[in-house]
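Below you will find one chain, with nothing else, as structure tokens; this is the form predicted alone, and questions on how it binds or moves follow later.
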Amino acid sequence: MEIISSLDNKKIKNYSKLLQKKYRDLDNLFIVEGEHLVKEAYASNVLKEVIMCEDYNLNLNVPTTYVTYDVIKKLSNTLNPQKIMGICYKLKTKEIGDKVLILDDIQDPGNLGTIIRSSVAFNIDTIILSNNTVDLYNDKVIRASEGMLFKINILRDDIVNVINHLKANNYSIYGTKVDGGKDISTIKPSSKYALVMGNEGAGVKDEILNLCDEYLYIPMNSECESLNVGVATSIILYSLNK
């Protein structure tokens, strides 16, 4: 069994570039870390190759490269990475489903990962990311999603164009607004709908809010001015799914 120990190995140097978005986009590949995520990628038929330490034992029907722990650390952004990672093909997109979540410039990778998990939990079919939303294949997004990015249709597009397309196909578009919005507990969603959630600081842009058919809000204690977007999205999706 050959074990790669050199940090200057050509394959390792090429794969380490996947820590940067521009190379993920160029190669159409991304890295997952840990056995759980490797298995999720394998189950989704996107696992290209397994990279693992020589003392790790996992047998999957894909090419496997054995390396030292120092090589693993070169391929990871975490301080104490796990001893196994996968090189994955980017996910293919599908047709937009009937229950859609649209994200307008979400910037925090932890928030996006949380939102992906909640979307799967509460039966969203499709997530649409604005062109300025954080990269889906950012390592923090992947970890925060706990592998749920493999279980939902996610695409990136111009939000205004998407909303106009959805409206033309009889989707109801819900935005969020504290003033003039409806209590989420009173909403019975349409059979086809899209919920729009906005940027952590700026919220949903006005040009997008103006395209919405109805506005929702979460009733809460007046001492609390606002909720984290990941938390707020989760609450609304739970309510819409009841």
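Not measured: the values here are computed from a predicted model. From 1 onward, residues are counted along the sequence shown.
One more form of this protein, predicted together with another copy of the chain, exists but is not displayed; see below.
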## Note on the structure
Checked V71, V120, I154, V134 for heavy atoms within 4.5 Å of another copy of the chain in the predicted complex; positive is V120
### Task
Tell me, out of S130, N138, T114, T126, which residue has a non-hydrogen atom within 4.5 angstroms of another copy of the chain in the predicted complex.
T114
### Task
May I ask you to state whether I31 is within 4.5 Å of another copy of the chain in the predicted complex, using heavy atom distances?
no
### Task
Spell out, yes or no, whether the shortest heavy atom distance between I235 and another copy of the chain in the predicted complex is within 4.5 Å.
yes
### Message
How about Q20 - does it come within 4.5 Å of another copy of the chain in the predicted complex, if we only consider non-hydrogen atoms?
### Response
no
### Task
Considering only heavy atoms, tell me if L37 and another copy of the chain come within 4.5 Å of each other in the predicted complex.
no
### Query
Only one of 86 to 94, 167 to 175, 72 to 80, 146 to 154 gets a heavy atom within 4.5 Å of another copy of the chain in the predicted complex; which is it?
146 to 154
